[in-house]
Ligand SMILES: Cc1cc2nc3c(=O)[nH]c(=O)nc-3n(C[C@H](O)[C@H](O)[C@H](O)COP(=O)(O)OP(=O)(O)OC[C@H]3O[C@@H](n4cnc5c(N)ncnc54)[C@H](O)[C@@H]3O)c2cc1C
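Given as structure tokens, the chain that follows is alone and in the form predicted alone.
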Amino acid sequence: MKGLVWFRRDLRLRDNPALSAACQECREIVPFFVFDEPLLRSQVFGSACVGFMLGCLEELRRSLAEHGLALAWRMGEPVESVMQAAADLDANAVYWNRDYEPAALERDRLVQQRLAQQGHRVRTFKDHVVFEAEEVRGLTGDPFQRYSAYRDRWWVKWRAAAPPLLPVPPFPPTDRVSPSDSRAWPSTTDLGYQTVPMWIEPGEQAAHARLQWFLRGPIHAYVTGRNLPAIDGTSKLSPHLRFGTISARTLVHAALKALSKGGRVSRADVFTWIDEVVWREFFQQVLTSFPRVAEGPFKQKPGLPAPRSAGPERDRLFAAWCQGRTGYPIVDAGMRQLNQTGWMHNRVRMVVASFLVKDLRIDWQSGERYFMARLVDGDLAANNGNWQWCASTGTDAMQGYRIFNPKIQSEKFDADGEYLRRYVPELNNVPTKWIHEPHLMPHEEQVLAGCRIGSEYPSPIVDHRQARQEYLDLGQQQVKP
């Protein structure tokens, strides 16, 4: 039997259920990838994300070549591309690992239906998550809407049936090297995107190296280190999870193994990090169970003011936020980090999201789209879940009256201003006593620091205390009879 292995969000050889099953069941396999032309044209994702994907694919091609296999590929609409490839390559069966986004589910349903009509066997597998949404349910069988309850049941499931890890599979024996595609492999510009410098190395080997580095160092102080944007205190594995160069199963097994070895690894640090993996799965099951969240709020909660009306003032405020020119250093540093690197520290993501929604009263969907178009780890479930959490519209969201104070967040998590100065160079010479609120700096000190407020660095576009009170007052008006 000849099997077509459709790679999607699983760009690796290790612990790949679809690939392993194909190698076990088929006498010949053809690895295959589709460049989704309609999705690429939509520009939902940014250049950093597309560039990282191409880097991961390049390593996958090299890894497959070491086993005598070439990665076949097509550019076009996915359903038609898979159907044509299955026919042209005379595949008896098509294998893939499941995806759970609404558009992906519909795509896969159509592909499966049409392949079956043409007599092709279809085999799909769980991979993108440790447990699929249907596997972690409440006693009533309903999906969880609170993270803490979901996490408790997730751990019950893990202890009862921790999924094993699969090695690189033994590939079917072949007498010849699979011929390479004569077409030139597409570049980022061929796909309609810019080539941007990568701060993170793509590919499966880099993912495992990053994991081992994290387990040797930062995980030992993760409870505190994860909140400090100036240090490399997190794993930064989310881009690799996004494209499946490493599996979530691998992360959990590796963290628990590090804990079992004893030494200076603390239980609190390890389980706090694993919590981040479980949060990712929680947001995935919310999207799977309630696909409407992709288009709007999970629920309209009382006490949430309506977003600012469209118009020049709204556009001015949104542009300042996007450009990192709000006059609030922690917000500006985060947005500039995002614009320059395709990444933003998670603590800072919450601060800038709260600022957009609650200080500026701009709809969270605009922030969600802006993030998705720039993040190297752009993922619908995680991005949507985190934005709805900050906007207080999600299943298990931050309370509507909770509004992050940029100054307090900055002082608490970047006391010396190291992160601020890294991404807002106008503040390089500002004394630490003024770094979190430079607009309060006396004029003579502004001149000495080369940071005159209103010219070299903007004045605050809103007054936080006043904006906070206006938001709360508008919320009270919403709940009055």
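It should be emphasised that the depicted structure is a prediction, and the values quoted were computed from it without experimental measurement. Residue numbers here begin at 1 and follow the sequence given.
Separately, the form predicted in complex with this ligand exists; it is not shown, and the next lines address it.
Student: Which of T188, S392, T250, N386 has a heavy atom within 4.5 Å of this ligand in the predicted complex?
Tutor: Going through each option in turn, the one that passes is N386.
Student: Ok, Q409, N97, Q337, T234: which has a heavy atom sitting within 4.5 Å of this ligand in the predicted complex?
Tutor: Residue within 4.5 Å of the partner: T234.
Student: Does S238 reach this ligand in the predicted complex if we count a contact as any heavy atom within 4.5 Å?
Tutor: It does: once this ligand is placed as it appears in the predicted complex, S238 has a heavy atom within 4.5 Å of it.
Student: Under a 4.5 Å heavy atom criterion, is E77 part of the interface with this ligand in the predicted complex?
Tutor: Outside the cut-off, so no.
Student: Within a 4.5 Å heavy atom cut-off, is R280 in contact with this ligand in the predicted complex?
Tutor: Yes, contact at 4.5 Å.
Student: Does N346 reach this ligand in the predicted complex if we count a contact as any heavy atom within 4.5 Å?
Tutor: Taking the distances in the predicted complex, the answer for N346 is yes, it comes within 4.5 Å of this ligand.
Student: Check, residue by residue, if E276, A353 and F371 all come within 4.5 Å of this ligand in the predicted complex, counting heavy atoms only.
Tutor: Verified in the predicted complex; spot residues all in contact, yes.
Student: Spot the stretch among 280 to 288, 67 to 75, 89 to 97, 297 to 305 with residues whose non-hydrogen atoms come within 4.5 Å of this ligand in the predicted complex.
Tutor: Result for this chain: 280 to 288.
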